Ligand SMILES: Cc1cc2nc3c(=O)[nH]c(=O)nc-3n(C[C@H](O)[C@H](O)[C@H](O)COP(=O)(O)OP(=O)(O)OC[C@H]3O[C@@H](n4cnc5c(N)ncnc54)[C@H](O)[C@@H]3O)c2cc1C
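Consider the single chain below, provided in structure tokens and representing the form predicted on its own.
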Amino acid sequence: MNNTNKEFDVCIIGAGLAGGVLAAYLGKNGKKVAVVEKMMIEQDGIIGELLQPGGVEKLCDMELEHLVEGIDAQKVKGYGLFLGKERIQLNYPQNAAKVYEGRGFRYGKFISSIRNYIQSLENVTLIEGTVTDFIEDDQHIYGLKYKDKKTGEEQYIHAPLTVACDGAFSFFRQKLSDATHTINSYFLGLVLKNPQLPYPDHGHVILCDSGPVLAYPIATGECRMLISFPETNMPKKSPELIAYLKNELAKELPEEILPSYMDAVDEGKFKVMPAQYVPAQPKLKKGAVLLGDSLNMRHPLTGGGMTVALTDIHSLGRLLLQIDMNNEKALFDTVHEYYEKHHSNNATVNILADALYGVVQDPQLKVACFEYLKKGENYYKEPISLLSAVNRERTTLLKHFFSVAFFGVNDNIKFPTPSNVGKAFNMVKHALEILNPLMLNENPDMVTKGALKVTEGALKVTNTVTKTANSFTDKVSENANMIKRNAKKITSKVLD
């Protein structure tokens, strides 16, 4: 085994968004960084193509906003929201001092821009190879082992800190995290050529019966469309899928985009990605840290993934720049502080992503959400500030989440029939079932955690009572039907 003939402060696994931008931030500020990347060819992904204004702000904070220049990135100024034949426009926050904008781009172009930049930095060494393992003992990680792509030889790099950011399907997550990942849906990706978007320079969320459909500009004359499939089985290209896309889903899409949509379906260049949920549950180990999708993932519906990663990069990077990397205690404390800040910095982005997906999958909550936002700027201004990650206050998120639920409740109890009262109760119950576990996974304080646990217990009791009541009702109904059948038989015999 050969040793890389350099001393490094940090070695990074992966030169994607998280690893590449961290290398850029640390490298330009004096830290010596080694990055090992498995594949240097330009990638063609279907997620990681919409950067919310909060993420753009983090690039600016790190003086790395130039990374989205020269890649034909498109300005995104807000969202269009569609339900049936109705539509509303939701613009990002703006005031006298600031107009917030996101960016849409080809994922591969952005990653290539990052890699080109870090290769220009004297303090960064970018290596093409496959990381095979950590260099470690039970208590400490001292670096990494990798197989060099050019020579095929096994090499190793020692550094005070090893950063694992090898993406959604991370090999190293299991060593540094207690989290389990789940897949709650899939997205089918298409590129629409020269589309006529209902709201130019905006993202589009179309609330279809089967799930949300997203569309947003990623290059001049190109729009990414992501079609949600809630099933647990990955959608596969087939005559049945084509028929569904053309004959069923097309009926629910805005008519302006139908020509380019039909062309994209005919072209058949489909890509599929799972929507994964991975809560941040890291295990502290000296000399190592998780970053990006390796640490934490949320539903792609809100486009919050890159914003969370950039927020963490800025947080971790600033802390590392303030310490002596060879001070083992200071480094351990820094990693611990970074993990703590991850939750306080990103809880609203994480919760909103999966909570909103839960809402739009519930027919009643979906309508309530649309009708609530349709009431005007006073109703959508704060929710869109949360979506853009400009506002990250948990209290604001909770206020509007339950406002939507109770807005739907009020609509139902205007005519308080038993059926409507039941619907109202189920709306609130489902809202709590959506929100409660997401809140618990974001490291709440002890008081909030206690309240959430009480709510969790109450929901279990409610579900048990409901099941018992339903079972009793079914039994009564079954017995009543049996009595009716017997009565008919007796009547028939008497008449005979």
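Start at 1 with the first residue shown and count on from there. What you see is a predicted model; the values in this text were computed from it and never measured.
In what follows, reference is made to the form predicted together with the ligand, a form of this protein that is not presented.
In the model of the complex, the ligand lies farther than 4.5 Å from every heavy atom of Val447. Under a 4.5 angstroms non-hydrogen atom cutoff, the ligand in the model of the complex has Arg298 among its neighbouring residues. In the model of the complex, the ligand stays beyond 4.5 Å of every heavy atom belonging to Lys453. Although the partner is absent here, Leu26 lies well away from the ligand in the model of the complex, with no heavy atom inside 4.5 Å.
Within 4.5 Å of the ligand in the model of the complex, a heavy atom is found for every one of Glu37, Val131 and Pro274. Only one segment in the set 325-333, 158-166, 400-408, 90-98 has residues whose heavy atoms sit within 4.5 Å of the ligand in the model of the complex; it is 158-166. Of the residues given (Met62, Val68, Ile46, Leu438), Ile46 alone sits with a heavy atom within 4.5 Å of the ligand in the model of the complex.
Contact with the ligand in the model of the complex, judged by any heavy atom within 4.5 Å, is made by just one of Leu226, Leu356, Leu192, Leu387: Leu226. For the stretch 297-331, the set of residues having any non-hydrogen atom within 4.5 angstroms of the ligand in the model of the complex comprises Arg298, Pro300, Gly303, Gly304, Gly305, Met306, Thr307, in sequence order.
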